[in-house]
Each structure stands twice: as C-alpha cells, then as structure tokens.
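Just the one chain here, laid out as structure tokens, in the form predicted on its own.
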C-alpha cells in the first residue's frame, strides 16, 4: 500500500502473501464457510509466528515494529488479507493487544498479552450495542464499582470472533466516565449468542452481561478515563479495515481485468471496448485514492497527528464507498459468470459489504465530519 516499503517491510509483505497463498487460498476459504469459528486455530498460531499479532506491541513486551511505525506495518498484513479474503481474527486481536500493551496492568500484560502474541489466545473488542451505532456517545453498557469489584451490565452486538475468543474487551460507561473491562467469556453472567455474517469466514455475535462481577483488576487503564483510548482503538480498527478493503478492491480489479482480456465479444476481448476502458480507469483512480488516504491515516495514527480523528472518518467515508462500488462494477463486467457461486468474486463482495457496515458506514462518517466542521466553525 505504501509508495515505498523498507526492505524489512517488503519482506514482511512478501512472506505474508506467500503464507496466505499457501495456507489460506480461496479453496480453503470456501471450505471454512460452514465451520463454527471461520478459521483454524493451528493456522492462526502459525500466522502469529510471522509477527501478525505483535507488530503493535513494544519490544519490552515481546513485540516489535519493522519500521518504528507500527500501524503502517500492520496495514501491510491487513491489505494482504483483503487480497485473499483471508480468515482469522486479525483486527480484533490486534486492537486488544495494542490496548493491553498501552494501558494494561502488569498482570494483564503478563497473563493475557503473551497468549495473544503467540496466537494461543483470542480476544475481541465489544463497542457497538444493539442499536447499531459505533461511537462512544451511544455506549449504554455500565461498569459499576462495587467494593473491590467491578460489575458489568448491558449488551453488545456485532462482536467479531466471539465464538473463538476467550476474552472480550468491553467498552462501558461508569459514574466517572467511560471505562474498559477485560471480561472472560466463561465468567458467570456472560451470555454469548453466536451468529454469522455475509462474509464467508468471519463470525459475529452478541453478548449480554447480567451482573457480571469481576475484580477491579479486570479494568484496563483507569476507571472513567477510557474515552481517548476507545477513540484510538476505533481509529486503529478503521485503518486496518480500510487497508483490507484496499486489498479486496485491488485483487478484484486485477482478476476482472484478466477475465476481460480473455472474454471475447464480436471477435475482440471485451477490455478493448472504450466503455469498459473508461470504467476501469475510474476504478483505478478510486483505488489509488483509497491506497493514498489509508496510508495517510496510518501515518496520522503513528504520528499522533492533531487531525487524526478527521482523517479516520475521511478514510472510511472514501474507502468504504469506493471499494464496494469497485467490486460491484467488477461483478457487472464479469456478467453472468460473476453472479455464480463458482466464481470467486462473491467472496470479495461479501467481505466488502460487511467491512462497509461495521465501525460506521461511510454515511455515518460523513455526518461525523460535518459535526467536526460545525464545531470548528463555532470555535473559530
């Protein structure tokens, strides 16, 4: 995705691509469609050995970046996963690992983080609630201090990899403000309902917390001080998601062009017709724009830029729109073949549809940008 990768980053990209092509080709993705977890645990542990789960964790905790820009390194893997609509809880595990590395207690960093880095444990993040809004103002789940404990009450929805996870990082509201709690899914009072999605390999679910009592040590960071951290988690999730969408659109356009060069109409490859050339040109412009804005978001997060909140919404609004439009256009170009189960394009279409919706739709992020603009004008 980045214009120029360092030697270490290029090796990381190429090794990740070779691993995915060998271990999780599209034939495997199809086989996982009916599986409970949507990925193989042994495969995920091998992926962790490549550094997929440690790039956002500092050296002192067993991780390490390739370039000193951890998010820029992580989006390399996300893009490669998009190119093969690969399975695995890459996004939720990395969001939780980054949070524990930054704000976890010594106990959390010694008991949970190593398992996430090695791939032995899976953790996920629960932000959205049944109303479907991906912002902190909509959080209604509560975390209430009770003596030396913390009591979690409420419900979360659209939780990725819920069926595979042992721990869930719950964003909740306390009397002091937003608070995050690391909740074991086998704790009394936790009720998980597993579901599916349009995506062939990703599994989502909902979870209810009914008087879930945990020791105060389950809190990640300080009680009432999680607002900034949750915002950072959302930006990281958007960067990884948009990088994946770039991979989805890039690979879909590649094999559609290949198809168009072989498919003949009136004795000519259909890609020789000017109308299709114009459509391919438009899609290429949007794809390059998507690459650029996603790269810029990764840089903004790594550099803790002042306008990173705006950039994250700009990125999702642009990439979320154009990636799905590109895949839909490619379905049209492939014609009848493209709407069959046997053709691979529907796997990419499914991934793009789901990614467009979670962590906020492009329309929701446009509204957020408008609110940011209105606020800046009022304070000017």
Partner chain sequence: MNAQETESVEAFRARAARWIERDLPRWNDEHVETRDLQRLLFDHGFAGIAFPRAYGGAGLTLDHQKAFYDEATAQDRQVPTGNRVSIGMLGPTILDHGSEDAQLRFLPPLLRGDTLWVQLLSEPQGGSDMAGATTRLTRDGDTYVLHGSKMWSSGAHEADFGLCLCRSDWDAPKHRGLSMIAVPLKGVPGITIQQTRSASGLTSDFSEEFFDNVVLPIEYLIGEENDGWAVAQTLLLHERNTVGNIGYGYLGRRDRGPKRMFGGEPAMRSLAAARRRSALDSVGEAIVETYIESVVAPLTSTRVMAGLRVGTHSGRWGSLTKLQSTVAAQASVRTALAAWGADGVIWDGEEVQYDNVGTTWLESRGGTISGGTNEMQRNIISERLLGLPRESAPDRDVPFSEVLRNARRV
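Positions refer to the first chain, counted from 1. As the structure is a prediction and not an experimental result, all values here were calculated from the model.
Note that the form predicted in complex with the partner chain isn't included here; everything after this is about it.
Residues 193, 198 and 357 are all found to lie within 4.5 Å of the partner chain in the predicted complex, as judged by heavy atom distances. Of the candidate stretches 64 to 72, 42 to 50, 341 to 349, 308 to 316, only 341 to 349 has residues with heavy atoms within 4.5 Å of the partner chain in the predicted complex. Think of it this way: in the predicted complex, the partner chain has a heavy atom of just one of 138, 176, 281, 261 within 4.5 Å, and the residue is 261.
The partner chain is not shown here, and in the predicted complex it never comes within 4.5 Å of any heavy atom of residue 58. For the chain shown alone, residue 204 is a contact residue for the partner chain in the predicted complex, at least one non-hydrogen atom being within 4.5 angstroms. Interface membership of residue 276, defined by any non-hydrogen atom within 4.5 Å of the partner chain in the predicted complex, is confirmed.
In the predicted complex, residue 267 approaches the partner chain with a heavy atom inside 4.5 Å.
In this stretch, 137 to 174, the one residue having a heavy atom within 4.5 Å of the partner chain in the predicted complex is 158; the partner itself is omitted from this view.
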